[in-house]
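In structure tokens, the next block holds one chain alone, the form predicted on its own.
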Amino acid sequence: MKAKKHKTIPWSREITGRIPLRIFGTFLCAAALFAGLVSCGGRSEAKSSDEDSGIILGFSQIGAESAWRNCNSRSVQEAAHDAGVQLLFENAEQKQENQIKAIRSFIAYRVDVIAFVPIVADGWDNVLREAKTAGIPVLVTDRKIVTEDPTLYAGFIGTNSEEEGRNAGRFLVNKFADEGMKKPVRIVELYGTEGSSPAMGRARGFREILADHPEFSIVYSESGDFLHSRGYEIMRSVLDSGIAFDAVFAHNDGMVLGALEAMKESGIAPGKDVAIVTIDAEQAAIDALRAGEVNCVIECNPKTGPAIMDLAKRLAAGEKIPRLMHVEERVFSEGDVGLDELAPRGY
């Protein structure tokens, strides 16, 4: 099996009356017939607590591709319930067109605030202009967007993808320096969804650190779309092609866990024969770190629900919010004291 050709990725881009809630699903199905707004597939979900704040939040999630993503969705849903926010939750099933339809359905329903996780950075200006015209503030979360008009959204809350990439680069530089290795260090990179801000940011930050260390080189880089199965397939292809490498940098745990399976099938001891660095800090990755199969796990905090609800309430009240907010995150490395005492990750 031949390895796919290395791809060049543009890393430099940065990135008054409502329909009653109980009949929202019926409204969406009818609207889809004449406006193509959403499909009536049972994906909409409304939640409210006994003490309803009166605020309705439309939230578009990109999918359920990983334990991290499912935790992120649970965090939003549970926080909405606790805050008394009525939540219209839409799963886009990894398709931008589904997210655009969901946002338009939220506009038609006249929600108080819209929040969404953009699957890719580009292509949002038209639908966000519609939200602005309707007077509905928009909060971007987890992944950033590229837009011609920054006033189309109120702010962003999520992870610092560039710093995550820098942390990955720093770990590898320090690890090989500590081991006294002077020879070239060859890296296989499994990057995320093309055009997504985490993939672009993590790649930029990683390369920023390596730029000062010419002995490090990326010998192979391919998108695994943040999927476990793709991580396995790409690593299987790399191994079959005979490409030699000393380290793996994966943009998320799902891909690296798939890559570990492929390496072990080939008799390679990950974490020992090859240095492994990954991002997310799912429980499975922490377990692999404890077992010595992963050398560094960089946290990407999925538990943003409470902060999103606080920001949604402020936006609904007409308040301004910060344009850029990053959540707190940690780095877990081999040899860390207290690694075995870490509380369960919950994802």
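In case it trips you up, residue 1 is the first one in the sequence shown, and so on. Quantities reported herein were computed from a predicted structural model and do not represent experimental measurements.
Only in words, not in the display: the form predicted together with a small molecule, which the text now covers.
The candidate stretches are 106 to 114, 212 to 220, 84 to 92, 251 to 259, and the one lying within 4.5 Å of the small molecule in the model of the complex by heavy atoms is 251 to 259. For the candidate set 198, 224, 158, 270, a heavy atom within 4.5 Å of the small molecule in the model of the complex is found for exactly one residue, namely 198. A heavy atom within 4.5 Å of the small molecule in the model of the complex is found for exactly one of 300, 315, 289, 309: 300. Proximity of residue 65 to the small molecule in the model of the complex falls within the 4.5 Å heavy atom cutoff. Within this chain, residue 143 lines the site of the small molecule in the model of the complex, having a heavy atom no more than 4.5 Å away.
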